[in-house]
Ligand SMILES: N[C@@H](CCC(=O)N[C@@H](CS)C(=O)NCC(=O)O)C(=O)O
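Taking the form predicted alone, here's one chain by itself in structure tokens.
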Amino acid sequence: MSPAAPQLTLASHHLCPYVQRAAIVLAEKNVPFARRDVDLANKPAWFTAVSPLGKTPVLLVADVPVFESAVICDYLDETLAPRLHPEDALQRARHRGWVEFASAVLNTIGAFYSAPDGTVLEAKRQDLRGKFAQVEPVLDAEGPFFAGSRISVVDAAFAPVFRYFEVFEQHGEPDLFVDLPRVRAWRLALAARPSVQQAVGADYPERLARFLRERRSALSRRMA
């Protein structure tokens, strides 16, 4: 008799894009897991005991914590089928590089919605446009996903990135992808994926919009 699979619990925050990565990978592997939300402004003792960095996500494998989203996704891909990373070592390394690039895009998004004035806001908007322009020629020409017909961890990393732009555009921000047809098609394919849709709660757009309005930034003033 094979041993029972360990119980998986994902320490979560309702807006955290890195939590969404792990949730998407778990859903793509059709693995049951529990989700335990954390108030990061008032961290409970159980969470600080398992999160050395004090950040989400943390994956509890039985009672063993695994932290950092890239590490969590790699662990899940090494232990659970189907594989989302490429089998070839060089291609796998390449994909991991683009996962890190997605993190850099998230950092720029944070600088964008925190920009104190219109000049900085526009500079960060152009920075974001430039980053997506770098992705455009790398995407598989046939799509619909990063490397073709099979979804990968890179897709799981970028899906939460695109989710920000849904809310930005609802509040009057211009479409950054108008001249990037591959990125635009990729964004739409990810938005239609059930694993991506289920990675956040139904109230995510309202929660994110409220978070953005409370930033006291150039963007929040525009939204107001």
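If you're wondering where the values come from, they're calculated on a predicted model, not measured in any experiment. Residue positions are given as counts along the sequence shown, with the first one as 1.
There is also a form predicted together with the named molecule; it is not shown, and the following applies to it.
- When the named molecule is considered in the predicted bound form, residue 68 lines it closely, a heavy atom lying within 4.5 Å.
- The named molecule in the predicted bound form is approached by residue 54, whose closest heavy atom lies within 4.5 angstroms of it.
- Although the partner is absent from this view, residue 50 stays clear of the named molecule in the predicted bound form, with no non-hydrogen atom inside 4.5 angstroms.
- The shortest heavy atom separation between residue 27 and the named molecule in the predicted bound form exceeds 4.5 Å.
- When you look in the predicted bound form, the only residue of 185, 61, 31, 40 with a non-hydrogen atom within 4.5 Å of the named molecule is 40.
- Proximity to the named molecule in the predicted bound form, taken as a non-hydrogen atom within 4.5 angstroms, holds for one residue of 200, 212, 10, 16, which is 16.
- Only one segment in the set 40-48, 154-162, 188-196, 174-182 has residues whose heavy atoms sit within 4.5 Å of the named molecule in the predicted bound form; it is 40-48.
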